[in-house]
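The chain below stands alone, shown as structure tokens; this is the form predicted on its own.
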Amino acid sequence: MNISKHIEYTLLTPTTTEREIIDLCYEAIQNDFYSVCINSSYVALASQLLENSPTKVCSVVGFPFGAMSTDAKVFEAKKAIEDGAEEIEMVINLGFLKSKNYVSVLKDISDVKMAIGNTTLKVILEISELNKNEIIKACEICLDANVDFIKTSSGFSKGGATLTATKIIKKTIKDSAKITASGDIEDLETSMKYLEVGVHRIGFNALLNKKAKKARPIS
């Protein structure tokens, strides 16, 4: 099975250079990946590089902690779309969630969703920081906010995707939203396990290819 179209090719480290973004986009085109996922400062560059390619540009906002103001997330999301982003990926406010301030969690996500209109919105839950009940509640809030995707992890916390948490997400949201599994997924065999439990996309870290001269197609 060729899973290239399920791959979100990510490069989100703060030290990422322009050259690395160029390489990222080239490798994404080579491998026919669904999208590149990058910080908003590089959206304009990536959009230019991928202009004649089916590979989409996804920008993170409020990354990686999700603890900035809602207004800041809204501004960053709108600017990213202006620069050419076709998808927005925001981090849930974990502090609000753990404070059980669910109204503020919902407002945070809903305001971004309203600001970007029909543009795809993905929300990162950071499952390594949450217990089962918190994962379920976060998913319910995401559904109330009409998000398009729920993503397991940012890759900047203490752990990434797990099959157990992914199954909890799937059981909670059913088919009302889609799932991206990200973090600690490094090969085809692991990717297939996530696709089999209902995941739609896999976040694949471009740094895993850093020691190679070019990206190896996943097929």
Partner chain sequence: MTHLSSYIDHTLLKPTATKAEIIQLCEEAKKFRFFSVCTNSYFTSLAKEHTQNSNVKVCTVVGFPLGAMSTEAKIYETIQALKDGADEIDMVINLGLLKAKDYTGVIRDIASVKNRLPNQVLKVIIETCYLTEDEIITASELTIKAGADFIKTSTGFGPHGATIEHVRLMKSIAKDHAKIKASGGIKDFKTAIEYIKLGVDRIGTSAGITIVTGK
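Positions refer to the first chain, counted from 1. Just so it is clear, the structure is predicted and the values come from calculations on it, not from any experiment.
Missing here is the form predicted in complex with its partner chain; even so, the following discussion is about that form.
- Annotation: in the predicted bound form, residues Leu12, Ala67 and Ser99 each come within 4.5 Å of its partner chain through at least one heavy atom.
- With its partner chain left out of view, the stretch that reaches within 4.5 Å of it through heavy atoms in the predicted bound form is, among 27 to 35, 164 to 172, 187 to 195, 57 to 65, 57 to 65.
- In the predicted bound form, at least one heavy atom of Asn93 sits within 4.5 Å of its partner chain.
- For the chain shown alone, Ser47 is not a contact residue for its partner chain in the predicted bound form, no non-hydrogen atom being within 4.5 angstroms.
- By the criterion of a heavy atom within 4.5 Å, Lys79 is counted among the residues contacting its partner chain in the predicted bound form.
- Although the partner is absent here, Met114 sits far enough away that none of its heavy atoms falls within 4.5 Å of its partner chain in the predicted bound form.
- Listed residues Asp144, Glu86, Glu129, Asp148 were compared with its partner chain in the predicted bound form; Glu129 is the one with a heavy atom within 4.5 Å.
- Using a 4.5 Å cut-off on any heavy atom, the residues of 22 to 53 that reach its partner chain in the predicted bound form are, in sequence order, Asn39, Ser40, Ser41, Tyr42.
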